[in-house]
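Only one chain is given next, in structure tokens, and it is the form predicted alone.
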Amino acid sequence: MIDLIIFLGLITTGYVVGQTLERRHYRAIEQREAALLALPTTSTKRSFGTVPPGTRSELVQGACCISVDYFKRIAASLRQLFGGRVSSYETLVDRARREAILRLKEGAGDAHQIINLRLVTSSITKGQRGQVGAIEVHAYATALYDH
């Protein structure tokens, strides 16, 4: 009985800590997105407005890898039994995507706009059954700079 109580205590602690860290990461992402909101970014190959002569372009990129915690893996396994949306993985992919774009924008320095944004995602598997261990998102684009 004591073993069961310890096990449930550890499960509960892990769940609470995981949720707290995820919420903290989302708050940090939202603050950084607000700070970079003025930098126009598009997935189209054309720039906003006319490009002045002498505009310099440069490849910029950002990458993020976020691991799957034990509780998301359990929730996803249960969802596979019954079907439907795997919302626990949706938040994982959302955080990784937004973080990769933020890192790209932060790496662009004093660019006046970013065009042709592309995202590449991959899962890093672990274990014998090919379970997802982490999600990686790589963002790359063209940054436009004045002279």
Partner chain sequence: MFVTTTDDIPGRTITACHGVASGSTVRAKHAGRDIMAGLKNIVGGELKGYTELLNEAREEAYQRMLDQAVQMGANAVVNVRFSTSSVAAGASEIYVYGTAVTVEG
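Numbering follows the first chain given and starts at 1. Please read all numbers here as calculations on a predicted model, not as lab measurements.
Omitted from view is the form predicted in complex with its partner chain, to which the following refers.
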Is A35 a contact residue for its partner chain in the predicted bound form, using a 4.5 Å heavy atom cut-off?
no
Is there a non-hydrogen atom of R103 within 4.5 angstroms of a non-hydrogen atom of its partner chain in the predicted bound form?
yes
At the 4.5 Å heavy atom threshold, is A111 in contact with its partner chain in the predicted bound form?
no
Though only this chain appears here, would N116 touch its partner chain in the predicted bound form if you measure heavy atom gaps against 4.5 Å?
yes
